[in-house]
Ligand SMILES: NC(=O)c1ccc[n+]([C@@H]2O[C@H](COP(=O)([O-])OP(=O)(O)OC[C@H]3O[C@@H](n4cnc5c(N)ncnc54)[C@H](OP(=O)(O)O)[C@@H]3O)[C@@H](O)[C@H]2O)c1
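Consider the single chain below, provided in structure tokens and representing the form predicted alone.
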């Protein structure tokens, strides 16, 4: 599809899970994109999903959606272990691809995905919806403007309990475990604040003896600019969503940095333990914002905000952290 050939990008979605539902609802808030098809390996499930969300077409196999010439772009809303396979197949079908975070489960998979998209002349972007929140844009700008001085320490946490062991996060063959799921957010955000790749890593965790995935993890990263980043993630502990960046002159706190729930977001600026300023921002639908952004990139031929090479570096970091956790748990 040539740049600006159509006014609205026509999308198909692979997957009908929780994130797929959030994405389907988000299309109703986007002006430059239409969700025209959804596919599942279960035809009845695809039909039920399409009926619920007003999607015109339902497919009983992923390939059938990729063969639809009326579809310009594909959203991959599948388990982590399927991201690479279906991104490559979508690219070979000449579809642009927005793939749910994390981009893949290994650097090798990321390289295959990036190469396939470049070879077929289509765009690829990781769907890391938190990056499109106004509060994240504000904090990144504050760091760049020197509002807190040089960032020295980062704290980030994302935890919530998942007692149901049938959840895909407990399944290693589907790319389960908390590091690639909840841990993605504080690790990727720390990279954004430090604008780099960590040069030192330390991580510990609890590995479930029955399924073999890490269910709680915490660690520290050191970046080339000297910033230390501590992260926590887990789905066998109480809810915790938080980010803080401590600089040489001041600190920034974000009490709800990852979710998109329609509630107003707050960002706090502190100096010497005193609250200097409180920012209150509209919590726009981050799923809609990422769809709108990537659709505009397709229409205009511009570069997406999240480059796939960046996403691959985050995957490399997550790989190393998970390896450290499992090596220590085995000893």
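Positions refer to the first chain, counted from 1. Since this is a predicted model, take the numbers as computed values, not measurements.
Here the subject shifts to the form predicted together with this ligand, a form of this protein not shown in this document.
### Message
Can you pick out, from 89, 152, 171, 155, the residue that has a heavy atom within 4.5 Å of this ligand in the predicted bound form?
### Response
Partner contact (heavy atom, 4.5 Å) among the options: 171.
### Message
Using a 4.5 Å heavy atom cut-off, which residue among 181, 109, 188, 72 comes into contact with this ligand in the predicted bound form?
### Response
Of the candidates 181, 109, 188, 72, 181 is the one lying within 4.5 Å of this ligand in the predicted bound form.
### Query
Can all three of 45, 83 and 287 be found with a heavy atom no more than 4.5 Å from this ligand in the predicted bound form?
The answer is yes: all three residues contact the partner (heavy atom, 4.5 Å cut-off).
### Message
Is residue 27 part of the interface with this ligand in the predicted bound form - any heavy atom within 4.5 Å?
### Response
Judged by the heavy-atom cut-off of 4.5 Å, residue 27 is well away from this ligand in the predicted bound form.
### Message
Although the partner isn't part of this model, could you tell me whether residue 79 comes within 4.5 Å of this ligand in the predicted bound form, counting any heavy atom of the residue?
### Response
Residue 79: contacts this ligand in the predicted bound form.
### Contact label in the predicted bound form: residue 40 to this ligand, heavy atom within 4.5 Å
Residue 40: yes, in contact with this ligand in the predicted bound form.
### 4.5 Å heavy atom contact, residue 15 to this ligand in the predicted bound form
Residue 15: yes, in contact with this ligand in the predicted bound form.
### Message
Only one of 233-241, 195-203, 127-135, 209-217 has heavy atoms within 4.5 Å of this ligand in the predicted bound form; I'd like to know which.
### Response
That would be stretch 127-135.
### Heavy atom contacts to this ligand in the predicted bound form at 4.5 Å, residues of 83-104 in sequence order
Those in contact are 83, 100, 101, 102.
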